[in-house]
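Starting off, we have a lone chain in the form predicted alone, written out as structure tokens.
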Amino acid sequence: MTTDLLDLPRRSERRRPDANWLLVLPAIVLVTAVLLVPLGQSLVRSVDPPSWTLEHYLSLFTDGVTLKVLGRTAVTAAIVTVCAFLIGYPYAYLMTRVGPRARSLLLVVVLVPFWTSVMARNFAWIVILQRGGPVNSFFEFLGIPGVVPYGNVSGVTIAMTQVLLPFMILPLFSTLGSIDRRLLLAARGLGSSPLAAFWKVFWPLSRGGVVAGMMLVFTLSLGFYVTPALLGSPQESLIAQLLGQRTTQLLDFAGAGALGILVLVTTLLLVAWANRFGGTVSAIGVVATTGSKGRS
């Protein structure tokens, strides 16, 4: 009897509902309002109620334009991802090897793009890449006239690589900094060369950060709008420009909704593949970053 009375407070505590979930309620409401509701509206418009047809989805594969633009966007995003990796991996590795003061300086250099307006960065690239700019003048000095990256995919790729480089460096820095360097010393002690120790020990441990950085850069590249619009051309438009054209000029909201859903499904499939391959990419985190694509 006494034992049952002592257990009553404990039972009441177990039955008391946990109110901690209320802390995430504002975030759930915000995500629902600004992400899920518009996505649901785009999905409904893409099937064209009340007829409920898949004609808009089928037309994406038969109009002769969408697949071409989607392929150009995927190739551009892949090139930007590879370039960001080739630049970002050595940079992140260097950040893990230097002292605290030099590391802070290198980190500030990485974070500078976040402190600069997107429009200011794009207009700066226009000045650099246009005819008569530093790039054109440099190649003319070398005896190679006519090199003008402005107004084509080349200039867009260069600018997108610079803008998205922090999204590659920061995940790599976090992963590379957590690797125990004693493992490399152990590999060297067992007779491995420095290159073999790096490839067989350090690289596999850094693969998670590589996959995370690549997926962030690639998914953000798929939805870039301002940079291709300012530095590119209508003849070499990317998928975000095509979406903007369908909504603002053609007023084809059903077709734009179908195209947006197609890009979203493609992104989710890539994230699912990355989760299985790398094992460290959060699908929620990568998809959430795609919500900021239109601002880039």
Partner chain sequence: MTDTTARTAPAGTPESEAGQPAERRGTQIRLSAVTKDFGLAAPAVDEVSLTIEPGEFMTLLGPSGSGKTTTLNLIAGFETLTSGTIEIDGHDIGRLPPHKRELGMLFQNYALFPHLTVAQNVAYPLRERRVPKAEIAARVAEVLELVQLTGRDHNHPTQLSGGQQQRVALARAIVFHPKALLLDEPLSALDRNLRGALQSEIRRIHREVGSTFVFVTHDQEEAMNLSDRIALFNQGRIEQLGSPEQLYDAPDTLFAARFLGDSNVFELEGGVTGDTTRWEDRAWRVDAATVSRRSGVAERAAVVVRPENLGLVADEKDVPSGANWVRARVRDQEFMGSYRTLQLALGGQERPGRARVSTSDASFAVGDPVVAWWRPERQRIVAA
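Residue numbers count along the first chain shown, from 1. These numbers come from a predicted model, not from an experiment.
The discussion below concerns the form predicted together with its partner chain, not included here.
Review point. Since exactly one of 99, 134, 90, 194 fits, which has a heavy atom within 4.5 Å of its partner chain in the predicted bound form?
Key: Looking at 99, 134, 90, 194 one by one, just 194 meets the 4.5 Å heavy-atom criterion.
Practice item. Answer with one of 109, 205, 74, 226: the residue that has a non-hydrogen atom within 4.5 Å of its partner chain in the predicted bound form. Key: Filtering the options by heavy-atom distance leaves 205.
Check your understanding: Does at least one non-hydrogen atom of residue 190 fall within 4.5 angstroms of its partner chain in the predicted bound form?
Key -> Heavy-atom contact with its partner chain at 4.5 Å: present for residue 190.
Practice item. Give a yes or no for residue 201: in the predicted bound form, does one of its heavy atoms lie within 4.5 Å of a heavy atom belonging to its partner chain? Key: Heavy-atom contact with its partner chain at 4.5 Å: present for residue 201.
**Study point:** its partner chain contact at residue 147 in the predicted bound form, heavy atom, 4.5 Å
**Key:** Residue-level check for residue 147: no, no contact with its partner chain.
Check your understanding: Though only this chain appears here, would residue 185 touch its partner chain in the predicted bound form if you measure heavy atom gaps against 4.5 Å?
Key -> Taking the distances in the predicted bound form, the answer for residue 185 is yes, it comes within 4.5 Å of its partner chain.
Check your understanding: Okay, which stretch from 79-87, 161-169, 175-183, 217-225 lines its partner chain in the predicted bound form, with non-hydrogen atoms inside 4.5 Å?
Key -> Within 4.5 Å of the partner lies stretch 175-183.
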